[in-house]
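In the form predicted alone, a lone chain appears below as structure tokens.
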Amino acid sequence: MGSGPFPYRGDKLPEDGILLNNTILNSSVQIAKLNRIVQFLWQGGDSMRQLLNSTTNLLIVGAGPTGLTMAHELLRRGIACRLIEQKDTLAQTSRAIGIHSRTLEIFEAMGVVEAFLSQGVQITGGNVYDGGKTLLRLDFQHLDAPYPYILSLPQSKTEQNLLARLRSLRGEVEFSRQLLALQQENDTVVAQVKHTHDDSVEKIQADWVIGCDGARSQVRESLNLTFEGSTYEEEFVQADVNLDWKKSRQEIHVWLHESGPFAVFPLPDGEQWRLIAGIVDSGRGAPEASVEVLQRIFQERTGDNQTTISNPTWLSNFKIHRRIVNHYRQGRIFLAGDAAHIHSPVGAQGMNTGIQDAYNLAWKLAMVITGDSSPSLLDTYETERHPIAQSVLTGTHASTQFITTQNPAIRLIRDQLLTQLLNLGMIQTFMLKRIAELDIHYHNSPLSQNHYGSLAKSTLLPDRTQETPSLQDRISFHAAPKAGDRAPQGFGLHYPSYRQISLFEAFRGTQFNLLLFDGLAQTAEGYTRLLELANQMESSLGTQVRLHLVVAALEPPFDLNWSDLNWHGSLILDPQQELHQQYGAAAESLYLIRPDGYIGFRSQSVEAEPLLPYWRNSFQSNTPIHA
């Protein structure tokens, strides 16, 4: 019985009696009967296993970066969930190492970014070579963002940081839990989960299930969803090693060679670098990754015969795939991350895309579970995220073909023409925004709505003595970030402390944020209307929306006594009018920012209509959903 679930050692129960429900069993007959029952339950296998039953609000399968992010975002909104993982530990190898700008913004909102920044290497540029000749120089400083770089950090550290943050919310990962089967029954999902340390099986009844269990997703398999795509012919070898060279550790180094690409990425541990080499299919397959193999490839493709490779901490061979599931949701079961899409590692998009899947879905699920929104809100998860993954697959496929092509004519065009175009600042900015995932948008989402007002109610020229927008004001607003775009970062002064505050800091939390811009015409009429709207929004939307009045001045307007006003939002001063310019708000404007940092609604007529109808149609629920 030593391997069973009871606190006894040896092969039999203690002879001097045992305590059961405060009753001492010391009769040999009583003890013998109890012993037979215990042995039957334990050794009978199925008899014992079927006794394990539990319920939960939400079950997350897979504790990689996507699952950890999902659990964190649900817990900080007060949604109970369980997070199970088949393996007995988190990732122990470096695996995915690139964390992009947009993901770092998410980590900032989650309150965990400082841990990442203190551990990672900031990659601020990249170089593409042909032997000793530089073909292309990338500069991430072209990015207009708080984090204009790629952060290099092993996935093992990423998972450790996310788990530490999850534990700060009293969350935990249940390791050694293998999903065996899923079945949807009316308003619940039944999951059969094997506890691999003792082979017991638990039946979990969950209101919702989210599959974050990777490319071999058991959740996806249980739904019989199509995982459409193909496998690339090229094979790759990779390793984490030391290099005794002097190249910058703040840059990526890539060589284009007729035998295949060779890429080198800095890792944060001492002199460690990640090496990845593409192997052209020669009919013999790729050689097993080793220091000797990589040293030969390094010399062949870089022309560098001086640098020595040593101290391998991870060696691997792999092939790459591009596949996407046909649906992200089936009833009460969702897919996210690699369970829904896998693609070439070129551009380091995989882990980042999965984290953003979780960040998109979690707030929507929370609103539905708490009854603050109708279940139809959950349909927008697939509507918004499936096209993003499809775009990532298309982009990474084109990039992979770009660097692995063996066609001499295409290679000549690539090396002589395309690399020259990519050196242009404007084209680099466009490309780097895409790599950094800053250009992701939901313009076509039903949750994205722009309201431009009537041109007939515009003046021909700006008149800052009254609030009517001019034609130029309308044009500026039209060119500003649109509904569905990421809300850009900006800075103002927090009143009354006059402390500099960023918009991302103001947005931090789990609520929607309503930015009310006063415009450049500072009139009593305008401020009165803004405050009336703010009070109406507060009355109608309650605590789900946090209000911010952005004033284009160094002091509050017209000596208003803010302490006497019924104002519970924040006041942000914009004396240089930079926020107003950034958001195209030369005239009174409003922006509703979603909990995931994207613009849901914007209008240059600061009125309750059409904002309130938008809110009712998009989020309001008349019937609480207790699922």
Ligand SMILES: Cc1cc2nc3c(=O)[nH]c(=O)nc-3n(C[C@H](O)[C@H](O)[C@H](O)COP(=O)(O)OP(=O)(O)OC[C@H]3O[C@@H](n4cnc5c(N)ncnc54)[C@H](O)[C@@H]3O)c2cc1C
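All values reported here derive from a predicted model rather than from experimental measurement. Residues carry their position along the shown sequence, with the first being 1.
There is also a form predicted together with the named molecule; it is not shown, and the following applies to it.
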Check: Looking in the model of the complex, any heavy atom of Glu85 within 4.5 Å of the named molecule?
Finding: yes
Notebook entry, point to check: Taking 4.5 angstroms as the cut-off for heavy atoms, does Tyr498 touch the named molecule in the model of the complex?
Noted result: no
Notebook entry, point to check: Are any of the heavy atoms in Pro469 no more than 4.5 Å from a heavy atom of the named molecule in the model of the complex?
Noted result: no
Note to self: Taking the named molecule as it sits in the model of the complex, is Asp338 near enough to touch it, meaning that at least one heavy atom pair lies within 4.5 angstroms?
What the structure shows: yes
Next item on the list: Among 225-233, 173-181, 485-493, 392-400, mark the stretch whose residues have heavy atoms within 4.5 Å of the named molecule in the model of the complex.
Entry: 173-181
Note to self: Within 4.5 Å, heavy atoms only, which of Gln238, Gln330, Gln544, Ser458 is in contact with the named molecule in the model of the complex?
What the structure shows: Gln238
Checklist line | Proximity to the named molecule in the model of the complex, single hit among Ala534, Ala96, Ile123, Cys81 (heavy atom within 4.5 Å) | finding: Ala96
Next item on the list: Would you give me the residues of 53-79 that have any heavy atom within 4.5 Å of the named molecule in the model of the complex, in order from first to last?
Entry: Val61, Gly62, Ala63, Gly64, Pro65, Thr66, Gly67
